[in-house]
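A lone chain, given as structure tokens: the form predicted alone.
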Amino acid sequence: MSLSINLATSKQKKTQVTIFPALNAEQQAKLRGLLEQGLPTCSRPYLALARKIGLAESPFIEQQVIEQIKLWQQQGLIRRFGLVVKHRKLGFNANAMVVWNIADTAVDGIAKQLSQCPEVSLCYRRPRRLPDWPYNLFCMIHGIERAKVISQLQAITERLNLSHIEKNVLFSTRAFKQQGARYG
């Protein structure tokens, strides 16, 4: 008897689902635009966003924003939700773009290997601009000291057997802009 009651109680809990009103198209567009600028720096950023997009005050408006973001993540509209760290302000001033001249038949495989390296923060393929620019694969390594970044690159090169591949290291000298992508 108690088992069936527990099951019933358990079943009731599983079926309790709170449905939040969906945001309309205008509210969704406003929310996307605000998210591209970053979360408000306050104790309840989702509540602040809810108010900025004009949701009527209710106990659920903060959760409406969170549920909309979750939905966009499930739909693949938002792939990653995180911080854009101003790495230079944290002392990461030795930022190297390593450019590689890799045979077109091998570039995807090597890019996949480089992408697995924790020191590599970005890795992407671009077309060569011959005859002056033979490089077709680019990756970024951020560090505090140039010598350490060079050492990390050498270790990667040896570990992945890339010593025979032409490359060049371009350290940035000044940052003019850094922000997350904006699409609005």
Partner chain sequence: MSELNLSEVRLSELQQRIINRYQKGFPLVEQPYVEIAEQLAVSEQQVIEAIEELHRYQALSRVGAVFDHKKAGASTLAAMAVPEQQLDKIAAIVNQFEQVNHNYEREHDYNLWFVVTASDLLALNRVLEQIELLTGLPILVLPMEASYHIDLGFTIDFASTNSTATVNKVGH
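The term rigid core refers to the most C-alpha atoms you can superpose between the two forms while keeping them within 1.5 Å. Residue numbers count along the first chain shown, from 1. None of these values were measured; they are calculated from a predicted model.
Although not depicted, the form predicted in complex with the partner chain is the subject of the following passage.
> Give a yes or no for residue 51: in the predicted bound form, does one of its heavy atoms lie within 4.5 Å of a heavy atom belonging to the partner chain?
Although the partner chain is absent here, residue 51 would stay clear of it in the predicted bound form, with no heavy atoms inside 4.5 Å.
> Quick one: does residue 58 come within 4.5 Å of the partner chain in the predicted bound form, counting heavy atoms only?
Judged by the heavy-atom cut-off of 4.5 Å, residue 58 is well away from the partner chain in the predicted bound form.
> Can you check whether residue 155 is within 4.5 Å of the partner chain in the predicted bound form, heavy atom basis?
Result no; residue 155 lies far from the partner chain in the predicted bound form.
> Please run the contact check for residue 175 against the partner chain in the predicted bound form: heavy atoms, 4.5 angstroms, yes or no?
Yes, residue 175 sits close enough to the partner chain in the predicted bound form that at least one of its heavy atoms falls within 4.5 Å.
> Need the contact residues for 124 to 138: heavy atom within 4.5 Å of the partner chain in the predicted bound form, sequence order, or none if there are none.
Residues within 4.5 Å: 124, 125, 126, 127, 129, 132, 133, 137, 138.
> Given a superposition on the rigid core, I'd like a yes or no on whether residue 44 shifts its C-alpha by 2 Å or more between this form and the one not shown.
Comparing forms between this form and the one not shown, the residue 44 CA shifts at least 2 Å.
> Using the core for the fit, does the CA position of residue 60 change by 2 Å or more between this form and the one not shown?
For residue 60, whose C-alpha is compared between this form and the one not shown after core superposition, the shift is 2 Å or more.
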